[in-house]
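Considered here are two forms of the same protein chain, supplied as structure tokens in two stand-alone entries, structure 1 and structure 2.
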Structure 1
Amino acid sequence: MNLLKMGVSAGWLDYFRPPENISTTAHLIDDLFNFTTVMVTFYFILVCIGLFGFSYLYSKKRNKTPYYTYGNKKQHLIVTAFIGAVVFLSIDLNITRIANNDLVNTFWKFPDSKTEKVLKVEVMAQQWMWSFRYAGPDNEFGTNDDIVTNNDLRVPVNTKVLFHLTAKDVIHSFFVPNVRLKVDTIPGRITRVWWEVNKPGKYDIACAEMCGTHHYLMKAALTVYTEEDFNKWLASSSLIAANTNDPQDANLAWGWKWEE
């Protein structure tokens, strides 16, 4: 059936679609979400069938003499325990199993820069801005040639990007909807997350933790370049940084020594 012929626009349907998947791991989050939705919907339908079915079968019209029960007989308790066990095993236990497998086998397998190509980025969250730091030509963080951007994250396509994140003031949450990943940034602590994006373009970065009165303004842009375009941007930015960075500027000198 052609929904456009029925007057349903593609723009209206977009409200029911998740943001475009641009990473190699986002499908794992989507699969878990879809599994949860299907199972909850299935049991909701069963509950509705039971609710309306028993209301129909045991209505006053079909049962002139009421039967009173408190549901505390042995057979009632057995049925209740059985239903609870089935729901727990089929939904809760499966969600835990799938999520644990994804964490251990994918999300906690951080890329190793010693054996593979990895872009390292330090992230500083503060009210109400995201700051990003790239190591300069010396490949060391916290030096005068570091590249620092505000609310502007740029990464190459088909490259693993490893983030080390912290916060300057309160807890924030680094969230990229198109990658389906979020991680808290906590003052005094370094948290980690990685991804690999596979589609050039421009996407949103948000804060997913209520962090103050202007939390809603804490937005940044993610630009995904081809590798060639990213290298051009990195080279030009390194040159600018080397000529303009001021080690006495607290807004630029917040980096820390990178530890794997």
Structure 2
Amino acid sequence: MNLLKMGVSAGWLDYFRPPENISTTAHLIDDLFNFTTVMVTFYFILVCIGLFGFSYLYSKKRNKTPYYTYGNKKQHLIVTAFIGAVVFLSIDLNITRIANNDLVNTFWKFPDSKTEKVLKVEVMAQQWMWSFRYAGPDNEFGTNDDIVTNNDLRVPVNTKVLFHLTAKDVIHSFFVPNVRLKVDTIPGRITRVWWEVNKPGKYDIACAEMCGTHHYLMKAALTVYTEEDFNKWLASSSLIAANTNDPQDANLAWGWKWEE
């Protein structure tokens, strides 16, 4: 328990920041989070000024005679209504507007594989492992040349990746903290998410929906390659897959036909 270390260490600001931002869209969420935080901090400081200030100024010692009012005079009602309106207009309407914008123009704008370069990946979540499927050279999912990895997602940098996800047994949730996005994986349904990473490296993938005893162990590795390295990996994996994929292996057969 390193309480002392917290105060002494120069890196304490570390505790107030989110994971490293590696995607093209994470800044939208971070910016909105920061905007919301600034706004609510402003109002909370006002509340605290009122709370602590009034507690100090109007203690029994300092103010013997309270001001007898019901707070229902016209000017009181106007002030109160004004406060309600200002809070709503300044924070709520703003963050809704920004979020709606981001949803419609970015997060719900799924890339069209027919018109742009998109890497398609199918994701199967199960107790307690992530499986990822790439279409392989024939560009068809559910065929024998598919590349299937477990707990090992590899993507190229600066390329949109489109995920179709499902779960085999219980609800899981595909969470990549450095991309700021998560989407639930639901048995019997296909959910979708897309993102694009702009920084190579190794990052964590986690499961963000309680899925049983080893929910905490459902960790996968996200490896972001340069384009060149990714193509190398894809090619060599395709070769291995073509040679070793056993059509009888039930564990490999979870793919489905990709439908936009």
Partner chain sequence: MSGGYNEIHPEPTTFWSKYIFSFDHKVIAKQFLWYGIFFLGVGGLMALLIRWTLANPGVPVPLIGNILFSGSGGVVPPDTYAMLFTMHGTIMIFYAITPILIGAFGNYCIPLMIGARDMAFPLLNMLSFWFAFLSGAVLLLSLFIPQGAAAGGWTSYPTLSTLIGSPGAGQTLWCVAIFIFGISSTMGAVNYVTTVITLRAPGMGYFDMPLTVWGLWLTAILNAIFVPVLGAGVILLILDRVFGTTFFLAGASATSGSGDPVLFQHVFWIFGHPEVYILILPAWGIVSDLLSFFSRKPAFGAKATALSMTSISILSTLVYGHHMFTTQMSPLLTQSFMTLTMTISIPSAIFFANWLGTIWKGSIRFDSPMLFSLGVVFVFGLGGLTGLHLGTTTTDLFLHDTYFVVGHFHYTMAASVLLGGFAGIYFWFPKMFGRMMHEGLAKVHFWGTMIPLNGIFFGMLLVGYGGMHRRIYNPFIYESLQRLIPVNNLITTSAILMGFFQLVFVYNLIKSLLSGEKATNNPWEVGTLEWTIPSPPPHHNYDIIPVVKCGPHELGNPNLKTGRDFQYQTEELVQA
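Residue indices: 1-based, along structure 1. For the two forms, the rigid core is made up of the largest set of C-alpha atoms that agree within 1.5 Å on superposition. These numbers come from a predicted model, not from an experiment.
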property	result
Of the two forms shown alone, the one predicted on its own	1
Large Cα move at residue 53 between the two structures, threshold 2 Å, rigid core	yes
Exceeds or equals 2 Å, Cα of residue 226 between the two structures, core fit	no
C-alpha of residue 62 off by 2 Å or more between the two structures on rigid core	yes
